[in-house]
Structure formats: C-alpha cells, structure tokens
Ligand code: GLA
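Presented below, as structure tokens, is a lone chain in the form predicted alone.
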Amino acid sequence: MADTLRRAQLVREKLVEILGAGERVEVVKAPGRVNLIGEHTDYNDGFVLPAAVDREIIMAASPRDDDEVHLYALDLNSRSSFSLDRIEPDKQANWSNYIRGVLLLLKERGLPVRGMNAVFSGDVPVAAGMSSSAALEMATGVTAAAIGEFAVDMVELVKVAQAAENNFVGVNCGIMDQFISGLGKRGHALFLDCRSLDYELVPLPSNDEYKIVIANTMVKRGLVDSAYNERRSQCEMGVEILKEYLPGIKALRDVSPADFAKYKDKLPPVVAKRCEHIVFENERVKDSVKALRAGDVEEFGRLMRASHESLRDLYEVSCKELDIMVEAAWEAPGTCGARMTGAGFGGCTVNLVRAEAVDEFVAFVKARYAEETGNDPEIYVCEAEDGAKRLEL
C-alpha cells in the first residue's frame, strides 16, 4: 500500500503540473488481474476464478467548469482532449478510447458526467494478459463517479466498462477482466459464474505463506484471434450436436462429466477434445473453490497442473514457450501449482509459490527458460488486492 500511495502522490503532482487542477482532486486506483483457473470457460457460460493483483492503474482528476476532458498518459507522454458533447474514437491516441468509451456509455445512461482534467499512470504490464485495459476502464468509471458526484453500482460499472471495450474500442472481450478489477478483494480470489454474474469471494492462502507469481514468456500472442474464433465455433458445434441427446442444455456449462462421457463418441474427434476441456475445466474451477476453502493448497496445485495439461493436450492453445515455463515451474523450489493463463499461444503463466522460496523460484525459472529459449522472461511477484476504489491521500 505504501508504494501505491507514493505513486498516487506522484500522479496527483503531475496533474497539477501538466494539466492544472482546482481545489478538488480525486485519486483512484484499479488493479490488473490474473486468472488462477478456468480458461476459455467464460464464453461457454462457465466458471472462472481470477484474482486482482497489486499491479494497478492510478488516475488523478480534477473537475472542469466546461464539458472538456483533457487527458495525459504519463507513461506514454501522450495527451488527448475531447468534448463530452462529441465523443468519438481517437486514432492517434488509441489509449484514450478506453476512457472515451466509458464516459460515453455513462452519459448515455443519463449520469451527470462532468468535464475533467485527468492524468494516469500504471504498472500493469501491457499485452501480458493482465488486463491493463480493464484496469484503465474501471479507473475511469470510478473517477467519473467521484468527479460527477454520482453513485453507480460496481456491477453496473463493470457492465459499462465491458460494453465500452466491446462496442467503442472494438475488442470482443468477456466480462471477467472488468469484474475482477472492480470487485476484487485483498487476500481473495473471486469465483464468478459467467452466465448469471453471481460471484463469491474465496479466501486465498496467506500472503505471508504464499505468493502469486506471474511469469511472462515475452511471446506475443499472434494466433489468438483466429484460434479463439475457431475454438468458440467448435464448442458451439459441440453444443448443437449434444442438444440432440441432452435437449435442456444451452452451453457446455450445462453438460456434466457423466453426460459427456456418455455422448462423447457422438462428436467429431477434434470437437470432442475441445468440449472435454471445457466440461472438466468447469469442474476444476468448482473443485478449486472447495480446495481453497478447505485450505488444501496441494489439491489446488494439482488442479492447476491438470488445467494446463488439458489446455495443452485437449484445447491445444499452449505453445512451446508456455510449456517450457510451466515445466520449469513444476520443477522449481517452492512451487505449489503452475499453469498457463489467458488465451494462449504466448503471454503468461500463473504460479502459486511458497513465500520463503520465491527468490529461488524466480532464479530457477528465469535460468531454465533463458537456457531453453534464449529469451529473458519478466516475472512479477504479486499479492491479491482490492478492486477499484478512491484513495485518500
């Protein structure tokens, strides 16, 4: 928290220095996230178990007396301005579109969005699968509410942020990223039903005993869009075929392991593999919640490993570098569990590591990965943090 407050003070000072600020300055933070288990289940109406982490976007803002919004991205040294009366995409400062989209949709809901000067900075790694975009959207929503002095339910704000990314920015993301950035809680993961949006906070092992370690392969996920669309259509095909035998189902989340075993042979082989991953991944998420509530870290680690093996062998969205990183983690000191996280074909792995062994773990995984790939990974040692909120400086 001390680092957060230091960075918040810096962002506030930069607001005054670069854009100017009145007597009232609001400062908010919104975290990035990692998905602990439950991969590719979201678009199958399934279950996920993400955690907000202590990498965040911090935004400082001051109200204006007109309808202008003046923005400065501190880390990019980039400005963007627009009027609330005419919110359109900015092709030059693409980063501003996440902010523009949220403000537009809040306005369309009839909320009293005000003009503002705003500066933001973040330490959520970009393009690493830790949802820097969702953090920026949620920081914008909380800032707009503070500046406009209106209340908005956090789940509604999550829906606004997702709609902004889908419809204004043009990225077809699910709702998990915004949900955990808005509703995360320190020391907890969030068990989310992607159909109903019902959620429960699930206690994680103590930060003093275990750390969440995210290892970035530094491989850009170039195949994700085409592979994502293909996997999604294969899952939909599986549902349509299984409906002949299970007429009540709407998505793969409605198919039990027993029913899948009974009708698996009715599916084309590749479709059967994809569906098998989803059916059993949903079970792994539910089993993970039980394990964490029971304090059974060993069982949770086993489920993480099974998730990776399923993503590698059945869903086929891993890659050589992800497998090398995960296999290194499985051998490293202090590892409780390790798996790829995110869409796949690059990006990051997530690891649960005993706190006293974190330094050894990082050194071992870095060395093994560099030796086998020739690339130097980035590794982030994290803790589960609170969701988006105003800060008192």
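Start at 1 and count along the sequence shown; that's the residue number. It should be emphasised that the depicted structure is a prediction, and the values quoted were computed from it without experimental measurement.
If you look for the form predicted together with the named molecule, you will not find it shown, but the lines that follow are about it.
Trainee: Taking the named molecule in the predicted bound form, would Lys29, His70 and Tyr72 all count as contacting it (heavy atom within 4.5 Å)?
Mentor: No, the candidate spot makes no contact with the named molecule.
Trainee: Verify the contact flag for Gly174: yes if a non-hydrogen atom of it lies within 4.5 Å of a non-hydrogen atom of the named molecule in the predicted bound form, no if not.
Mentor: Because a heavy atom of Gly174 falls inside 4.5 Å of the named molecule in the predicted bound form, the answer is yes.
Trainee: How about Tyr43: is it within 4.5 Å of the named molecule in the predicted bound form, going by heavy atoms?
Mentor: Yes - in the predicted bound form, heavy atoms of Tyr43 and the named molecule come within 4.5 Å of each other.
Trainee: Although the partner isn't part of this model, could you tell me whether Ala343 comes within 4.5 Å of the named molecule in the predicted bound form, counting any heavy atom of the residue?
Mentor: Yes, Ala343 is a contact residue.
Trainee: Considering non-hydrogen atoms and a 4.5 Å limit, does the named molecule approach Glu39 in the predicted bound form?
Mentor: Yes, Glu39 is a contact residue.
Trainee: Looking at Phe260, Tyr199, Tyr228, Phe280, which is the one with a non-hydrogen atom within 4.5 Å of the named molecule in the predicted bound form?
Mentor: It is Tyr228 that has a heavy atom within 4.5 Å of the partner.
Trainee: Tell me which stretch of 166 to 174, 294 to 302, 246 to 254, 102 to 110 has a heavy atom within 4.5 angstroms of the named molecule in the predicted bound form.
Mentor: One stretch meets the cut-off, namely 166 to 174.
Trainee: Since the partner is left out here, which residues of 301 to 320 would have a heavy atom within 4.5 Å of the named molecule in the predicted bound form?
Mentor: Heavy-atom contacts to the named molecule in the predicted bound form: nothing from 301 to 320.
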